[in-house]
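Below, in structure tokens: the form predicted on its own, a single chain.
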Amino acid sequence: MRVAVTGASGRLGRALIEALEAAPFTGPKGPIAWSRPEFDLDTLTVESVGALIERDRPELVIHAAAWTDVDGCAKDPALAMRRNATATGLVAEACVGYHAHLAVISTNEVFDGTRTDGQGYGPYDRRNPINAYGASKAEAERLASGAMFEDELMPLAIVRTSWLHGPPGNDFPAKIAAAAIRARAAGEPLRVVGDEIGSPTYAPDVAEAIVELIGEDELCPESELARYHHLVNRGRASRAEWAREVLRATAIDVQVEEVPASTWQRASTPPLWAVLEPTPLPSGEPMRHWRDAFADAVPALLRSLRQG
């Protein structure tokens, strides 16, 4: 199977390329990496995507490219819509034109985070975003569905994930470690949000889960129009709990002071309940616990701290 990945130089994109390179179904040529400058969310057209599809002939396009700066999206919602929603619609139109399947990477932020029953959001729960990033991704899902189902009824997968971390760094663990070092030097506690709860998820684990779904023809099978997958590591944590795990793993000794999310003045309003209910994988095994996954990310985090 020929698989193309947009945003191939991003956090999830590079993990997907690595996982697909090891997959037996991609053949000797391996996956196709689309990234800037040839795939640029700011200059995308149906024709430019179509030209890439015609050149590389993928049977499946995984659209991982996105503008994920949630505060940036809040400051420029129109640009967020163009980069995240309109661009996804263009990719979907091109896929239909060339009879390629499509998987769109999405986010927990399509949900409002007001759930109070302790359950994670399910794949078919009602979308109700509360910020510009979530709104742009919800619209991306809608536009992809509209394009894929309008005439040709091409198979589509929506893959949502939450609190993604992993290479190349500059993620929540890296930012917490840097902030902790500054707080320790200043003799102050590290203040971390305690009322935001989510599903910390390791990007390589999401990539491996997607590869498993493709290998078993369960990502977006021909027999169904749409499949929704929630691919997150098991368990849940507050930002403060995750921060404590980062400090434990990096041996940074500083007091953690939990504060409400309202303490920080941000352009974006994050959902307080960012937990997704994981969907089953073909193996029958769920994705591993977030703490076990984070342990695999620690060596790279420690190297970055030493280099910094």
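We number the residues from 1 along the sequence you see. Remember, predicted model here, so these are calculated numbers, not experimental data.
Just so it is clear, the following notes concern the form predicted in complex with a small molecule, a form of the same protein that is not shown.
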Given that the small molecule is not shown alongside this chain, does M287 nevertheless sit within 4.5 Å of it in the predicted bound form, heavy atom to heavy atom? no
Does the small molecule get within 4.5 angstroms of any non-hydrogen atom of A65 in the predicted bound form? yes
Report whether the minimum heavy atom distance between R57 and the small molecule in the predicted bound form is within 4.5 Å. no
Would you classify E47 as touching the small molecule in the predicted bound form, given a 4.5 Å non-hydrogen atom cut-off? no
For this chain shown on its own, do D117, R244 and W273 all sit within 4.5 Å of the small molecule in the predicted bound form, going by heavy atoms? no
Partner-contacting position among A249, L281, L41, V256 - heavy atom within 4.5 Å of the small molecule in the predicted bound form: L41
Only one of 24 to 32, 47 to 55, 66 to 74, 259 to 267 has heavy atoms within 4.5 Å of the small molecule in the predicted bound form; I'd like to know which. 66 to 74
